[in-house]
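Same protein, same chain, two forms; see structure 1 and structure 2 below, as structure tokens.
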Structure 1
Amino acid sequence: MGLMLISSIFAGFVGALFGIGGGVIIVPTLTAFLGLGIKDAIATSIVGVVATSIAGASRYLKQGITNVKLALFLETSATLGAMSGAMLEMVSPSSILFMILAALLLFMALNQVKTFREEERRIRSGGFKGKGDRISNGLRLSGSYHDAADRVRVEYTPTRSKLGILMSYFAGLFSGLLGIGGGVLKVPIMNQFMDVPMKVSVGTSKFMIGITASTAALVYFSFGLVKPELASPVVLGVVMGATLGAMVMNRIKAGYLKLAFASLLVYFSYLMATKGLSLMVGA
């Protein structure tokens, strides 16, 4: 249980920094290091995702980083995706789940490396304040926040709202399917496709994943897959880590956040691909 608690603290800390649920750390740890089956690991992880969202999101709301209107707009489709993914997980082969997670993590890592310099340039030049689109303007989804690292007020207006809500469905689908909270997709959806600053994407994602993960967690509870003896240390750890992570995130430059996130994702992508291939060949 000691390793589970330590890894959960780390998962909560990283989750708060990057707007993810922490499942990309919890699931690999429970499977690769503790020998837990992936479906039990996913069910345990999704409970931890709910906990880390509550702990991290509250602090980001106080800092004015979270865009609540944008979160609720995108969450309408993400919740539907989470329900679909949770049901699909019940009948999916474990080896396929590992490989899907590995491919997803690697894809997101490459995108983070590709855009890390562009993020800071746009923050300094005010490049996030565009005209938006009919939906974002009509719903008044624009906002602003104080970037503590660069010491500037950053204003932004989301774009490509239709694409964003469509892709949020698939983020929710992966959340329910893999127990990862969907943040690894929600953050880049907002940041790279909707022109929302990285830190706002992180804060808004933390707010969203609690709703998405709660939907999937209800399905796991109904099937009796959540084990209290596993979930308790995970919840305790992620709450501690998320509280600390939310305190320091806005003081780190966005480019550094992206590079650190990419490195972490590559490592766990390797772990999951190795596990998936091992199951496929019957090793």
Structure 2
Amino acid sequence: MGLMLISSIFAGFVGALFGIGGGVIIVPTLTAFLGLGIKDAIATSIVGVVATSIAGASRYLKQGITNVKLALFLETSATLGAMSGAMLEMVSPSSILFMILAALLLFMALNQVKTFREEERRIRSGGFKGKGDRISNGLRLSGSYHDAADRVRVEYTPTRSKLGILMSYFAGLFSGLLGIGGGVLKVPIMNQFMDVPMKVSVGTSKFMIGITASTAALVYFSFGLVKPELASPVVLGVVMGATLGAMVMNRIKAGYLKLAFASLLVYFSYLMATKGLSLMVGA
């Protein structure tokens, strides 16, 4: 119980800091250290992902970091992608997809490193405030937040909305096909392709994850796959961790956050590559 609580606090903290679900920490802990079956671990983890999203997003909403309109706009195609992914699961060669995703994550990691200094410069110079495009202006997706690390009010206008919604579809598709959380893709999509500040991307991704994960979790729950005795300490742990993570995130310089996120992307890329290779060898 103690180990479960500690790993859940850590998963919630990391999840809130980077806008991801945290399942990548919860599932291995439950299976490797607590000897749980993979089905029980996934069912427990998905409930934890919903909890970390709610805890993180509520804090970020209070700080004005989450952009609800942007989250809902991108979620339309992400959900559609996840549904298509789940339906295509049976027919697609997973090993190649894992390798493609590994390469994509590595590319995104390199981009995060390349732009980490530029992010801070743009925060200080108001460089995120642009003209926007027809969709972002029509839906009034622009917003602002107070950056606690740089002590400035950052105004921003998302751009390339069409590319963003297309990429979100593919993020959802990969999620549905390969069972990975969408946050690790959603954050760079907003930050690198749509010109949304890193911290807003993290806060918005956190809100989006809850929407996607709650649907999946409700299915697991209604089929009786969620064990309340396991889920309860995980939920309490991730709520504590996510609340703490969301309090810390805005105090970190956006550049450092990008570098740390790049390391996370490299780790995910490695995970995907090893999965892809093991499937190839197995086949």
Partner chain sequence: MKADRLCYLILTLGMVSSASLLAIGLALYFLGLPYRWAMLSGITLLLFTPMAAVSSTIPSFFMEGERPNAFVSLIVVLFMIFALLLSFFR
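When a residue number appears, read it as a position in the sequence of structure 1, where counting begins at 1. All values derive from a computational prediction rather than experimental measurement. For clarity, a rigid core is taken as the largest C-alpha set superposing within 1.5 Å between two forms.
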* Structure fact -> The form predicted on its own? Structure 1
* Would you say Ile25 moves its Cα by 2 Å or more between structure 1 and structure 2, aligning on the core? -> yes
* **Rigid core fit then Met190 CA moved by 2 Å or more between structure 1 and structure 2** => no
* Leu70: with the rigid core matched between structure 1 and structure 2, does its Cα shift 2 Å or more? -> no
* **Once the two forms are fitted on their core, CA shift of Leu106 between structure 1 and structure 2 in Å** => 3.7
